[in-house]
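The form predicted alone is given below as one chain in structure tokens.
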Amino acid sequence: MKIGLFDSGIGGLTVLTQLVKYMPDAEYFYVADTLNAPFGTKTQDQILVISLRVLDFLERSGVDCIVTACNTADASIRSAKVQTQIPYFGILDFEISADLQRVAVIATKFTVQNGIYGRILKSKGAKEVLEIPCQSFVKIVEEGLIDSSQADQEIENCMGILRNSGTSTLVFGCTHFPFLAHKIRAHFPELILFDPAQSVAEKVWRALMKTNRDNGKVNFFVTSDPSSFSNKILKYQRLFDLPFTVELIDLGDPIR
């Protein structure tokens, strides 16, 4: 079984990790469009062009399904009502059973502006949804500053509004953000943290229900600086615990 997924960088590793828990024997095709990162500050049209390029590459690679491991890209794809030739799953395909009286979502600038989390969570019974842009968290994760004082400061800057707000549940609206879960928990111990990746991975597994005879592996495809990306992956390989390769690919000119 071949599973395709994509993100702007290493954020999608949080989704890959959950997928591997359910399907450790699958072959993964992970596209990191590092040339166009970050996605969250771009327009709908720009993100859609990026997404269509990656979807086409993954379909041509012969994967059995595609998992968009990026909230920004998934929101864009859904807004444009894009149809794929193979089964498609997005990080927004989640189920949640937490207390939905007052929910907060932290996400990229684009995802917050799109408002898709508010619509989804209210359709699932949420009474009040507060969507907070925390674009700076993406850079902190990509640059390996997770345990820095800068990370602490950005958490306070972005999320201070939640202090004494009565919010019960915090939803990670960007796949980069679960890397900061331990930091956020230290600042806001009263919050229930919800990562959609686990729910989505289970949904993919139930839909496919296939097994491979071979051992699992991950094929990473990047659009710039494969050496730097490889070094990042080495720091987090323990999360998915599969052999991997990194290959540079050309998906077209940068989207600016």
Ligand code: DGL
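Worth saying up front: this structure is predicted, and the values here are computed from it rather than measured. One rule holds for the numbers: they count along the sequence shown, beginning at 1.
What follows is about the form predicted in complex with D-glutamic acid, which we do not show.
Using a 4.5 Å cutoff between non-hydrogen atoms, S76 does not count as a contact of D-glutamic acid in the predicted complex.
The closest heavy atom approach of P196 to D-glutamic acid in the predicted complex falls outside 4.5 Å.
In the predicted complex, at least one heavy atom of V138 sits within 4.5 Å of a heavy atom of D-glutamic acid. At least one heavy atom of C174 is located within 4.5 Å of D-glutamic acid in the predicted complex. Checking 182-190, 76-84, 147-155, 130-138 against D-glutamic acid in the predicted complex, the stretch whose residues place heavy atoms within 4.5 Å of it is 130-138. The partner is not shown here, but in the predicted complex the stretch 16-43 reaches within 4.5 angstroms of D-glutamic acid through a heavy atom at P38, F39, G40.
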